[in-house]
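Given as structure tokens, the chain that follows is alone and in the form predicted alone.
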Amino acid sequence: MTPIISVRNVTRSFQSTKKEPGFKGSLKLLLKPKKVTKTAVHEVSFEIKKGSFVGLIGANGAGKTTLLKILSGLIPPTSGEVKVLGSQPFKRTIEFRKKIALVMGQKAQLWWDLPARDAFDLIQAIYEIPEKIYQERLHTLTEILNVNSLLHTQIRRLSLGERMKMELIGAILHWPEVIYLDEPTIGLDLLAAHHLREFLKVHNEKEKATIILTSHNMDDIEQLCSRIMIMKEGKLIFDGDPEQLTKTEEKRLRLTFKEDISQMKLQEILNLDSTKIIKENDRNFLISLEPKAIADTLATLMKQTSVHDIGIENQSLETVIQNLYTQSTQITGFNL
């Protein structure tokens, strides 16, 4: 199957002027400015198939938003090749723009002084959506996101969660084939974030829209994405199934003892560093172990303690990614 998004050796650099402190620095800036180059995206390559739901993860400044801007055509790459829906995004043809959407959680895209309904009517005119199809889509989207009663309220008078729902409706009214979501649940309460995730999941499955999502909220990633790409300092250090990532890590042994036991006592029995043992209370502990060490650890515990209950679980995706970020080497990706 031909990929809907193809990125080959893409690099994006920005140049800025560096000012030294004091009046002398100001003069030097005026007479002989010193240029500093920062590479936000470095030699990134990947392909994405139609209907994929991909999570793009990384710390602030890792290059996620820059990459989304390149994919949506807002900025060109410094070098490398990008193809989205068979087009070069930065050419920004009308046909291309009708097939994509970009939603940025920290940036309003609808007209703040207009009621949501008027803003949507403008979008209908811009994208030339037939009246019948427009009414059907608007009804479906407002029902799913439960914002029918807010359509005649000015955007600026809505809460953050309500505004994000309206932003999402405005972004996908034209039924784009590719949707870029940059922190769409930022600032939302638990219920609003849940409804938004459920909608995105259904839309992806039903309409086969290709979605790339950036988020610092691991609930967004774990519940929605079948593939994750992790960026660090502009480089793509992992690309694959999140389950493959967690399975390669340490397991967590969840233990409940019949009697109280101290963390120090557990450390002595198992000869483990304190960072490997998390105390929940006097009888419940979490122990991080290599999979091959679990059997011997349990045998030791059975001999020297009174274990009441045992559970084995994978490390959380958030923990695995934190560990991955502390490593300096690149992880071999998986082409899905």
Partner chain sequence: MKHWMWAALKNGLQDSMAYRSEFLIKIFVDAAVPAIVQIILWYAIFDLGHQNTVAGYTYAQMMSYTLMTVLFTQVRGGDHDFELAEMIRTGELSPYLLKPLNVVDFIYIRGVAHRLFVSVICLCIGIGISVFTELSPLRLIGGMMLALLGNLIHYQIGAALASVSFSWEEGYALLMVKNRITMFLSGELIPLFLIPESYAWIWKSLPFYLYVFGPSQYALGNWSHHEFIIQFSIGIGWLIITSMLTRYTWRTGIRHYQGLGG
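Numbering follows the first chain given and starts at 1. Only a predicted model underlies this, so the values are computations on that prediction, with no experimental measurement involved.
Although it is not shown, the form predicted in complex with the partner chain is what the next lines describe.
Though the partner is left out of this view, G80 does not reach within 4.5 Å of the partner chain in the predicted complex, counting heavy atoms only.
Within this chain, T39 is remote from the site of the partner chain in the predicted complex, having no heavy atom within 4.5 Å.
Interface membership of D113, defined by any non-hydrogen atom within 4.5 Å of the partner chain in the predicted complex, is confirmed.
In the predicted complex, at least one heavy atom of D182 sits within 4.5 Å of the partner chain. In the predicted complex, every residue of the candidate spot (S72, R97 and L122) has a heavy atom lying within 4.5 Å of the partner chain.
Residue-level contacts in the predicted complex: of E162, E207, D118, E250, one residue has a heavy atom within 4.5 Å of the partner chain, and it is D118. Between the options I126, V202, M264, L191, the residue in contact with the partner chain in the predicted complex by a heavy atom within 4.5 angstroms is I126.
Considering the partner chain in the predicted complex, the lone stretch of 133-141, 221-229, 192-200, 86-94 in range is 86-94 [heavy atom distance within 4.5 Å].
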